[in-house]
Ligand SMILES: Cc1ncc(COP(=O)(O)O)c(C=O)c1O
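Here's a solo chain for you in C-alpha cells, the form predicted on its own.
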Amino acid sequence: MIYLDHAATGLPRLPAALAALADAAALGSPGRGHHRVAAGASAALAEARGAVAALAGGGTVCFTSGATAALNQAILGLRPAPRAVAVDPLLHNAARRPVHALGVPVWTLPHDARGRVDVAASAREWPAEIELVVVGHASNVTGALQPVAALAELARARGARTVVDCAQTAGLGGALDVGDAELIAFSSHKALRAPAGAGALVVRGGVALEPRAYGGTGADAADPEMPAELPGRLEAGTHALPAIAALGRAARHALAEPFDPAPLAAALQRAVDRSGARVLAAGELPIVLFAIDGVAPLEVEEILDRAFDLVVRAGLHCAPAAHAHLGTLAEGGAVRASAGAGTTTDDLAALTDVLTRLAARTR
C-alpha cells in the first residue's frame, strides 16, 4: 500500500512512541496515591509534559484527548469570553465549530487568493470589538502556513488573545514557531506519528480558563471547585498515560530529529503536476489538493484505493471553510494527497503514474 493521507493520520507510527506507550501501559495512575506505583506514573507524566512544553516553545501543558478537545477548551473556556472573534478563512471544523458555538460576531481576517492572512490589511481594518483570534498554523487542505507570529503580535497590541491550531505543524521543523500566541493546541497522531488519544493545550501569558470538564484531579479532593492552578484545573479524571507518554516521546523525537517538510512539499506538487491532474492548492506543507476533470472526487479516491492500492482522501476534509474559499464546496470538495516522513520517491513516482493513467482515460 502507498499511503498518502498523512494530514489525517501520520503512518507508520513512530517506533519510539509505540515503545513509550507500551512502557506506560504497565504503570499506574499519576497523582493517585503516594505509593511507588503512582510515583512511577507521575514521573512518566512529568517527563511527557516537559517534552511537549519544549516542542511548543514554552508554556503550561494541559493534556487533553486531542486537538479538538484542546481547541474547545481554549475557545469556549476563555474568560472573560470574547465579544467578537477573528478567524482565518481556511479554519478546520475543530476550531470553526467552537467559534460558532460562542454565538458572537465572527470576522474573517483579510487574506490573499490562497487564503493566507494579510497582516498589514488586518491591522488597517481591525474591528475594535475583536478580543480573540483563532487561526490554524497551517491548513489541512492547502498546506499553506499562516503568519501566526506576526498575527499574534498584532492581536496582543490590539488587546486580543490568540488561539493557534497546530495540528498540522506539531512534529515538523522542530519547536513550533507561533510567536507570543497565548493558547496552542495540537494532537499526537499526525506529523508526530504517535497513536491517537492524546493532545495538548499549551497555555501562556496568564490566560484565565474555565474548565470544560469537572472531576477528580488527585489533589484538593475536599474542595468542590476545580483547582485554581494549571494544569490541574483542566485535567479532570484519570490521565490517558500510555497515549500521553507516546506523545511526549514523539515530541522529544521531533526536537532531536526535526523534519523539514519543504523538499517533500515541492516533490509532492511536482508529482501531481506531472500527471495531468489539476492542482487546486499547494503550500509549504506536503499537501496537494487536486482534481481530475470528469471524475468525481470520491470516485478518484475509490479507484486509487481499490485498483492501485494507493490511499488519498477525497471530500471536504472537515474544513468546509477552506473549500468554500477555493470554490470546491459545491462539488463536495476535492482530492487531497498528503505525504509524511515515511513517503519515498518511489511512492511519489507511483502517484504520478496512477494519476497520469486515470487522467488519460478522461480525455
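Given the structure is predicted, the values throughout are model-derived calculations rather than measurements. The numbering used is simple: start at 1 and walk along the sequence shown.
The discussion below concerns the form predicted together with the named molecule, not included here.
Shown alone here, residue 190 lies within 4.5 Å of the named molecule in the model of the complex, counting heavy atoms only.
At a distance threshold of 4.5 angstroms between non-hydrogen atoms, residue 66 is in contact with the named molecule in the model of the complex. Contact check for residue 181: every heavy atom lies farther than 4.5 Å from the named molecule in the model of the complex. Contact check for residue 94: a non-hydrogen atom falls within 4.5 Å of the named molecule in the model of the complex. Partner proximity in the model of the complex, defined as non-hydrogen atoms within 4.5 angstroms of the named molecule, places exactly one of 103-111, 228-236, 143-151, 159-167 at the interface: 159-167.
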